[in-house]
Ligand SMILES: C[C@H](N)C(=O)N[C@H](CCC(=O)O)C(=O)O
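First comes one chain, alone, set out as structure tokens in the form predicted on its own.
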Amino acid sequence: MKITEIRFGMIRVPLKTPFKTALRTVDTVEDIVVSVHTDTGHVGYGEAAATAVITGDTHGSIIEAIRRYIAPRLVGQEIADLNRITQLIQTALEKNTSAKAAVEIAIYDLWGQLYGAPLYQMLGGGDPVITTDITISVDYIDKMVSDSLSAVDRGFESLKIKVGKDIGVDIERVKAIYAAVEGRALLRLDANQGWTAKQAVFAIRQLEDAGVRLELVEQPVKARDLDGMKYVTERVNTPIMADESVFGPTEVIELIRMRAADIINIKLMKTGGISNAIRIADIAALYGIECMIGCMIETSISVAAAVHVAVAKANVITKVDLDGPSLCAFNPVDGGVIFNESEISVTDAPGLGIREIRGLELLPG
């Protein structure tokens, strides 16, 4: 099975409600879809989220990176030579992690198809059913409480609460949500780099002293402020998770060396795809560090790949934040992973199992 061509498309899916964080507000998924074609007629699918404020990727840069630097290296390559192909992708150019991720996801999809097995089995197997949390966007307190109660009523047992806008209001937001859902759901806070280290310690201690039990606090300080992450981690009882601070294996090694966080958040759009996500999970496992697997604002195309990784690496990926498809107004994918509110199920279809993507706007190759 040889690669013959790489094509591009744009997928647009409205969200059920606007997604609001300390960094941005989004009301529609607008992602680049990559399809890798082969001489056997098999097609692999991948997706790239243009999250400029986090990864630096834009729609234009994703297409240009793939068209000019990645695709020319891959045409004619054998899908069976997976390690060679992933190395060609990762060394084609610096950064551009979302572009690399989209192509890698499509390649891994084809690798599963080549051997007639679902991707998670190719990666080591596991229980093909996992459970995700759901994000509660930053908003007025009453709205966040209402959204939290609605999510719990729909069966979600973990809520990811967005904070980081105003520390005083953030504390009141979390107290109100905790009081409303106590005993029915775990709370995870995500500040999206919105606090300073001292603010984070103040806020977390205030919540701890008030009896609010948090499962974790994600990325309280700026991405490059590892000293700040370490400062917070050492001064609170609540586990601290690194997200934007960790893109690839090198950052993971440094974070573990510094003991700057308790948990690592793996996202394919940051790691550049599946190969580095697996490396991060394996490094974390060596040191007994837990991982979460998360996503950007993505559809079930790329999130499906993250699900397969989560299933195969369940020994170290103990927390799942793959709610992108649940936030979308509809699922544009026929086949693939099944998203049913908090429960995510993987079928036995080869690769990612995607049969068709509806509403895909083809772009010039």
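All of these numbers come straight from a predicted model, not from anything done at the bench. One-based numbering along the sequence shown.
As for the form predicted in complex with the ligand, it is not shown, yet the points below apply to it.
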If you check I317, C328, M296, A65 against the ligand in the predicted complex, which one has a heavy atom within 4.5 Å? M296
Would R173 count as a contact of the ligand in the predicted complex, using a 4.5 angstroms cut-off between non-hydrogen atoms? no
How about D57 - does it come within 4.5 Å of the ligand in the predicted complex, if we only consider non-hydrogen atoms? no
Might K100 be said to contact the ligand in the predicted complex, defining contact as any heavy atom within 4.5 Å? no
Non-hydrogen atom contact E218 with the ligand in the predicted complex at 4.5 angstroms: yes
Heavy atom contact within 4.5 Å of the ligand in the predicted complex, the stretch among 253 to 261, 158 to 166, 232 to 240, 83 to 91: 158 to 166
Within 4.5 Å of the ligand in the predicted complex, which residues of 7 to 30 have a heavy atom? Give them in sequence order, or say none. F19, R24
